[in-house]
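Two versions of one and the same chain are coming, encoded as structure tokens; call them structure 1 and structure 2.
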Structure 1
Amino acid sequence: MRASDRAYALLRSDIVEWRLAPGDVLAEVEQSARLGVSRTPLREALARLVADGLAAPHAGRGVVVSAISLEAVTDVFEVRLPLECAAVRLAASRGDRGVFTALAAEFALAGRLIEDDDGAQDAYYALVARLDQCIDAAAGNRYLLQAQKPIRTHLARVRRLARDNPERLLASAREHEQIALALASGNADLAEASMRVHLHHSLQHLLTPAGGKDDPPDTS
């Protein structure tokens, strides 16, 4: 792997996983020393971060990690909603239905994934990621993918703000099952409606202040 790719991946995960907080300055010499690469590939990595919107050039003072807030979450969803709806509509009309039938069955069984302890939730997240990938593949539109990629990045960053909530995850699994079923039936209207339902609950949960002990948003 190229050094610039490594630097980009490391910095990106550092930002997404909140090891680098908004406002932190990414000085070239400091980061190049920390990551063990030279300034040239590091500059390339910083440029990609800026293009992603994860960092912003600070006039004359390098780049700083960009801020993300609750208003920003609302803004992100204002873009995510039409994009995801467009994606599922395309996937419903173009996709291979068998794939989504199988995925729906997996989501129906997802309860045990979620209720199992520790690492099992990762399996659920992986399942969600697989559904996303299948939708992307079925939509078959590189421009749509290009538009969604930064949105998903910002979303992943917000997701790390809170821990997991089994209740919400279970509801999320049911919503995803509905989406998969709609795609399996090739019904674009139903798929879009199911996606709207899911995104509504997802955003609502994100905007709900973490009430009790750990009341965690799920944005998948």
Structure 2
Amino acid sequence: MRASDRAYALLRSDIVEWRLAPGDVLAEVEQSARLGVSRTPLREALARLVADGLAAPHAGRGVVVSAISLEAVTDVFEVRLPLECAAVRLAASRGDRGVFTALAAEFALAGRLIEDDDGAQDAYYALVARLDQCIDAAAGNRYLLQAQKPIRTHLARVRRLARDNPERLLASAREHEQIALALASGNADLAEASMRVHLHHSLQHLLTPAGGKDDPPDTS
């Protein structure tokens, strides 16, 4: 792996996982030493992060981790909606129905994973990630997958804002179960409708004043 690719991967992970928070300065000297790369590949990595929207130039401070705003998240969902709907429609017509039947059964039991401790929530999000991966594989469209990657990166950042709301997560699990069941039936219209319902509820929960830092949204 090239030095710039390694620096990019490490910094991207630090930003998504909130080890580097919005507003943190990505100083060249400090980051070069921390990551064990020279300043030239680090600059390449920073340029990629800026292009991804994960970092931004800041006058007098070089490059900083970009902020997250509700307006920006709304913009992300506007792009996410048609991409996710296209993916489930393709997956419904091309996918292995048995795979999605099994995933639906796992989501039906997901209440066991949704507790207040971080480990349980991580297990639930791993299940969501597997559904995403199975949809991507079934859709079989590399251009669609490439378009979705930056959207999912920004959504991962939002998810880490604070502890998750167990009530919303349980509702999210039921919504994911319905998506998986629709895919298992091969019904593209139902799969798209189920995805639209899930994304609508996720965004509305995010934008609700009560869904602030003490009650953050699920965006899976």
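Sequence positions of structure 1, starting at 1, serve as the residue numbers. Computed from a predicted model, the values in this text were never measured in an experiment. The term rigid core refers to the maximal set of C-alpha atoms that superpose within 1.5 Å between the two forms.
Q: Of structures 1 and 2, which is the form predicted on its own?
A: The form predicted on its own is the one given as structure 2; the other form is structure 1.
Q: Superposed on the rigid core, does the Cα of L181 end up 2 angstroms or more away between structure 1 and structure 2?
A: Superposed on the core, L181 moves its C-alpha less than 2 Å between structure 1 and structure 2.
Q: Once everything's superposed on the core, is L70 shifted 2 Å or more at the Cα between structure 1 and structure 2?
A: Comparing the forms between structure 1 and structure 2, which are aligned on their rigid core, L70 does not shift its C-alpha by 2 Å or more.
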